[in-house]
Structures are given as structure tokens and as C-alpha cells.
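Listed next as C-alpha cells is one chain, alone, in the form predicted alone.
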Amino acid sequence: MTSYHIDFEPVGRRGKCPADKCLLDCAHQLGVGILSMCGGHGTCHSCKVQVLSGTVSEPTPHEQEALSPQELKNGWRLACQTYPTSDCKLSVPPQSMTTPQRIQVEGLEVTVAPDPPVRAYQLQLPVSSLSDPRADSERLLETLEQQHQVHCSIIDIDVLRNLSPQLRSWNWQAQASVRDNEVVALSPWSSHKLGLAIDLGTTKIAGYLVDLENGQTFAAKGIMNPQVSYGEDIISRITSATKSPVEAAQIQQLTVTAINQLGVDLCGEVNAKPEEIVEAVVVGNTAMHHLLLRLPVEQLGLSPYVPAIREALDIKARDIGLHIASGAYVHLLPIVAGFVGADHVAMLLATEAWQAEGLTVAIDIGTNTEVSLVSDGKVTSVSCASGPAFEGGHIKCGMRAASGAIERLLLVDDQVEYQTVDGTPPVGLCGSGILDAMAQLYLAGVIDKDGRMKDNHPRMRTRQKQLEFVLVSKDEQDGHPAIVITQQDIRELQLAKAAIRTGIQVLLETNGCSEEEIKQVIIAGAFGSYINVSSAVTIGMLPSLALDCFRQVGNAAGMGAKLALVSRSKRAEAQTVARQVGYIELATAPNFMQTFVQATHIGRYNRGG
């Protein structure tokens, strides 16, 4: 049987596939997660790929129906309908990827020449003796200068406390990590030179273990932010922290413990130790930043929502309880304003959106969503309290994007076609599935533009005096409880999507722009990396633009943190970004309430009502 070499980008999976297998089967054989809600019958149109090079079979009737002549000319095909006829290179767009694959894509590296603030130098120190009785600290500093022409005058006190026994146990061979004018860590020659980048989100914490010498990411992992026990939203946590210093300390300790464990887990993946981490960068919204540093937060919850500090900070990791190298520092990127924090600065840094040509909207979607509008070199931002609905919170059958969560959904007549994370039996709805469900019910006329459900579909039913639409019935679940979306769920989603759309609209109107002038929309954030943009446009959460105007970039805040970790010039650039971004307090915008009410309507935003 003839086989061809198939290369799937941007996930970097490649291998041989038989000529009698369609591209969808080839993808699954090579571990590339491509959506296929209809089971490969060509009816759901969710498995679009672009042929970048090589030849494939002629378009089928299903493809001619699903794709425009221009799309076909540009190489777009349905993976389930297309067979290779030569070696091929394919591009898989984010909207065609399963959730785990999209999460993998968000780990793509942003290239920058490494210029880390900490450098490691291997030293062979002269042995102390009666004829050479210099202090061990002098011996270390002088050897640094003699062997590497590095001048230091400071040794961190914790490094100094262990200096003498360590030098002798290592036979006077050591690796000194130097930051500016200070020795911040001492380790054996064989030690790694590691950095830790943390994106401290309201709901999730993402960690990246990085090689400081070349900028390569060794390991990455995401965990839930344990602060959710003090409330899903920022205001609840601010309220808790202001009750008493003890409660503020408990909230901070929860985060620090989680980050320390994250560091241990990441190091364990590469057989390293947390004390080999010699520098860390943390980004987060203003509240997460202040709670981590034990800065006052009461004023963040009161108008005019003023942060305690905006500038970038460098503090000793031990001062906030992080267990990494003895004298290591944590760098925190600058803040823009009360609710636009260092995470948004990191996102703008990683995507270079702040320097974009043409009208650009940059959105970092999460429990708290930040939006920036870039117009003629001017950057204006707002913060929107979008809430936990898109993370599955406050939704009857909602859940995070874990195994069994319905991630994509299509309504075909009376049938619901869906795909779950990992392809396992459905157990609930994650954010992208929730968004799809709302869009599909609107397109089918099951809900109107005001979000009211209609009892006009065989899958509609009433439970506890509330209408709900059955996505997967009890019978289809082999007796397990049905998976539904309720009228209350729709209301929660309306509020969440309206918050984001209001932010976009306020920025457009403040800058005298219309949505038709937008050249590109950059969508960041863990949730933003796997939503179906078409569904978000359908319900009116995003502007009504051609789909090729949208760019999903994954966790760009995490990418920005990594850039700042390995590059001093990127830290300086972050300072420039923060100074350049103007801020609008959303609630003070003219006609804010009118705009918000209009944004709750489902469908294209209509400024006139």
C-alpha cells in the first residue's frame, strides 16, 4: 500500500499515512486532535484544514457545499473528505482543533534573543590555606572577576549563610548565578539554569519552566487558583482580604503554596530541583498582583479603583514565600490601572498588538476580561467583569474543559451533533460548548434576540417551571442524567457576552471608530484559545467581521511572562507598553447602561437599539 508523509502544522506532528486514509484519519493516527462532530460524514464542516503543499483528491460534493470557490482555490478542504495523493503539508486552524490540541498550540514559542537578567558562571576557586586566608566571600567575588571579568560587590545573605560549607563540599568548584551586582545563588557545576514564568489568573494559574540560556520551555502546566474558595470573582476576594490581616494572609498563602507546588511539579518533569530556579516572573491582574504581595486592596474595590503601585517590581522570592534559589528575585511587570493589570501588559507585549498597524482590538478573555483598542499608535483599554460563565461556572451542566466535556456542538434539525474532550462519553458542557449551544439555539429560532426560550422544538422541556433544551437525553446517556441548557443558563451567558461586547463598543465609540473599520481582532486567554469564533460572532459577543480577521493566540499573558523572563529588553518594552496604554473606567463611559442593555441582545450589535 502506498504511503505518504503528512506534516500537520502548527502542532508539529508528522508521519507516514496510507493513501487510502483520509486526512482526518491520518491526523488521528498521528495524535493530532481535529474536530469531527458528524463522525467523518462531511456534514458538520468542523474539520477544515488548509493544504499548504502537496496534492490531494478532488473536492467532493460535501466540500463544494461547505467551502466557497475561493476557499477551495486557497487550499481549504474538509479533512474527512480529502485523501493525500502525494506528501503533504497541512495547516490546522484553531477552530478545527480539539481542546487539548488548542492548549498545546498556546505553548508555541515566541522567539526572542535570550538576554536574561541572571547569568551563571562556573568557577574553580583556589583552596583556602594558611598562606591564603582570604574570606570565602572575597575568594568568590575575586574569582568571578578573574575568571569571567564579572564584577560583583554583593552576595545575598542566604547565599552567604551557606557559602563556606558548600564550597568545601563541592571541592571548591561552584556555579555562581549573578543578577546585576549580586550573587543570588550558588550551586554545583552540573546545575540547571532555570527560570519560572507564572500567569496568575483569577481562575487558573499557568506555570512555565524555562532554560534561561536559550529561552526554551522545558515544561508547562496549568492548575486551578485555590483562591476560588474565597469567591469566583475579584471583588469577593478583595472583600475577604479587607476583613482582617489574617484572612489576607490566608489568601496569599493559598496562592504561594500552589505556585510552590507548581514549581516542584515542573522541575520534576525535567529531573531538576526548585532551588535551581534563579529568577521568576509573575503576571496577573491588579487584584491578583496586590493579593500576592500583601499590598492593600480595599481601594481597588472603591471608586476610583486606584492601585497601590503601577511600576514594575523586583523583590526577593523568599519575601513572598516562594521556595526557589536562595537569593532569587521575582519580577512583576507593570500595571496599567485599577483592573487592567500586568497580565494584559504581558499579552500586548507577546502579540505586539500595541504596535499594530490598522485598527486592532486585543481581547484577553477570562473571568475578568481586558480589551484594548489600538488606533494610530494610541492604545486604550477597559476591563470587563465577564464572570465565570464561560469557564462553566453558574451553568447547570457546566464544567471546565476536562475529559467528557462537550467542547463543540452543532444542531442539525432535531439532532445534536457534538464532540467531547478526549472523545469520551459526555458528562457536561465546557465554555466553548456553551458558546456553541447558545449560537445554535439562536440560529434555529429556539431562543430569540432577547434570549427568551421558545417551546417550539421537540428537545424543549419544562423542569421546575423552567424551560430547558435537552442536548443529550437520558436515553442517549444510557440512563445517566440528561445534559441540558436552561433559560437561566442563557441569562448568565447574555450577561457574560454583554460585558465583553460593551467593552469593545465603548472603546470604539470613545475613539470615534466603527466595527467595520477593524482590521484584526486578537483573542487571548485560555478560554479564548478554544472558542468557536463563528459562534461568538453569531451571538454578538464579537464584532461581525470576516473570520480571517480574527487571530486566536492562546495564553499570550503566559507567553509575555516568558519573554520578560529571558529578555531584559522585553522588560523595558513592557514598561513602555504600560506607560502608553490609556484606561477608561467602563461604568463612567457615556451611555454605558444603554450600551450594556443593547449588548445583551443576541445577534449583531445594533447601536440604534
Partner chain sequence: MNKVKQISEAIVQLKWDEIAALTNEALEAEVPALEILNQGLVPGMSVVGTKFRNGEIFLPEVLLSARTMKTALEILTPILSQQDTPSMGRVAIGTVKGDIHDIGKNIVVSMLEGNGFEVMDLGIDVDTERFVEVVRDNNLQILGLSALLTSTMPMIEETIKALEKAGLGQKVQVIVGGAPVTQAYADQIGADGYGADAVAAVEKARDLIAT
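As the structure is a computational prediction, the values presented were derived from the model and not from experiment. Positions refer to the first chain, counted from 1. The term rigid core refers to the most C-alpha atoms you can superpose between the two forms while keeping them within 1.5 Å.
Keep in mind that the form predicted in complex with the partner chain is not shown, yet the notes after this line are about it.
This chain is drawn without the partner chain; in the predicted complex, the residue among Gln505, Gln227, Gln494, Ser326 with a heavy atom within 4.5 Å of it is Gln494. A heavy atom within 4.5 Å of the partner chain in the predicted complex is found for one listed residue only; from Arg452, Lys89, His148, Arg463, this is Arg452.
Taking non-hydrogen atoms only, Gly301 approaches the partner chain to within 4.5 angstroms in the predicted complex.
Among heavy atoms of Glu585, some come within 4.5 Å of the partner chain in the predicted complex.
Interface residue remark: Ile235 is counted as part of the site for the partner chain in the predicted complex, having a heavy atom within 4.5 Å. Arg568 falls outside the set of residues with a heavy atom inside 4.5 Å of the partner chain in the predicted complex. Segments offered: 549 to 557, 22 to 30, 571 to 579, 40 to 48. Contacting the partner chain in the predicted complex at heavy atom distances within 4.5 Å is 40 to 48. Taken together, the three residues His62, Thr239 and Tyr305 all come within 4.5 Å of the partner chain in the predicted complex, as judged by their closest heavy atom. Residues of 573 to 603 lying near the partner chain in the predicted complex, listed in sequence order, are Glu585, Ala587, Thr588, Phe592, Met593, Phe596, Val597, Thr600, His601, the criterion being any heavy atom within 4.5 Å. Shown in the overlay between the shown form and the other one, fitted on the rigid core, is a CA shift at Ser544 smaller than 2 Å. After superposing the rigid core, the Cα of Thr502 is displaced by less than 2 Å between the shown form and the other one. Taking 2 Å as the criterion, Thr351 does not count as shifted between the shown form and the other one: its C-alpha moves by less than this amount when the rigid core is aligned.
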